[in-house]
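One chain comes next, on its own, written out as structure tokens in the form predicted alone.
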């Protein structure tokens, strides 16, 4: 009896030592709009693999600049395809490692219930003093917002009312705190259980802007790190894809 208990304990100890010996941590840069789903995905990833991930959230443009200036990131989950493509072209990321992990959706959102109508007519009707959006020089969701305004022929009319945030998170903050009555944000920031969870919103029709294809890429810093390659693999798994859809993203076709 004692021998069996001792043998079982030794097996458990060996398994624990083996797992910890191979466990690693990867450093990941994540587009701000993907912060909620990625936090949940990493929790599942760590349970499934024993590896861990340190996440930093910010604007894609700023991350790309940091990576080209020696930052230690090993993975980029961008808000577009251009960032990863630039990193590959400039020799900082691994060619062939990039893939679309999510397709984002843009919304016009107000923290005030009933303020934004379901067709977004408030944009042309006016009556507001500030319209928030992410800086299009740094954030792909900002680019999409400008495309929408141009498509609706409202860019010139509303230009003086636009307040820009460095990232989509800051644009959301402007609106959520009331510093802007409404703004363009990512659907995932205001979405829960299949619906907009607070305030009021117009989900922008896809034909009003180019698809927001969000690409992941392995940086050359992460080539030798098993946690980095494992995380990119896990992003394509069924549990990860379910989380991505739950937050209102489409999946790549």
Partner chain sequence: MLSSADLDTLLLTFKVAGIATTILLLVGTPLAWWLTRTRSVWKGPINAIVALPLVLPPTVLGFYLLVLMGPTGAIGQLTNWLGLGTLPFTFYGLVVGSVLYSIPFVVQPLQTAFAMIGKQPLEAAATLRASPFDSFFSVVMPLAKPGFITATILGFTHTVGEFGVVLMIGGNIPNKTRVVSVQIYNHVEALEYTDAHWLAGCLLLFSFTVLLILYTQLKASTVTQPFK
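Predicted model only: the values in this text are computed from it and were never measured. Numbering follows the first chain given and starts at 1.
A second form of this protein, the form predicted in complex with its partner chain, is not displayed here; the remarks below concern that form.
In summary, the region of this chain contacting its partner chain in the model of the complex, judged by heavy atoms within 4.5 Å and restricted to 120-128, 137-145, 100-108, 72-80, corresponds to 137-145. This chain is displayed alone, yet in the model of the complex one of 158, 163, 94, 152 has a heavy atom within 4.5 Å of its partner chain; that residue is 163.
Taking the partner from elsewhere, no residue among 52, 211 and 214 has a non-hydrogen atom within 4.5 angstroms of its partner chain in the model of the complex. The closest non-hydrogen atom of residue 180 lies within 4.5 Å of its partner chain in the model of the complex. Interface membership of residue 220, defined by any non-hydrogen atom within 4.5 Å of its partner chain in the model of the complex, is ruled out. Using a 4.5 Å cutoff between non-hydrogen atoms, residue 65 counts as a contact of its partner chain in the model of the complex. Contact annotation: residue 61 falls within 4.5 Å of its partner chain in the model of the complex, judged by heavy atom distances.
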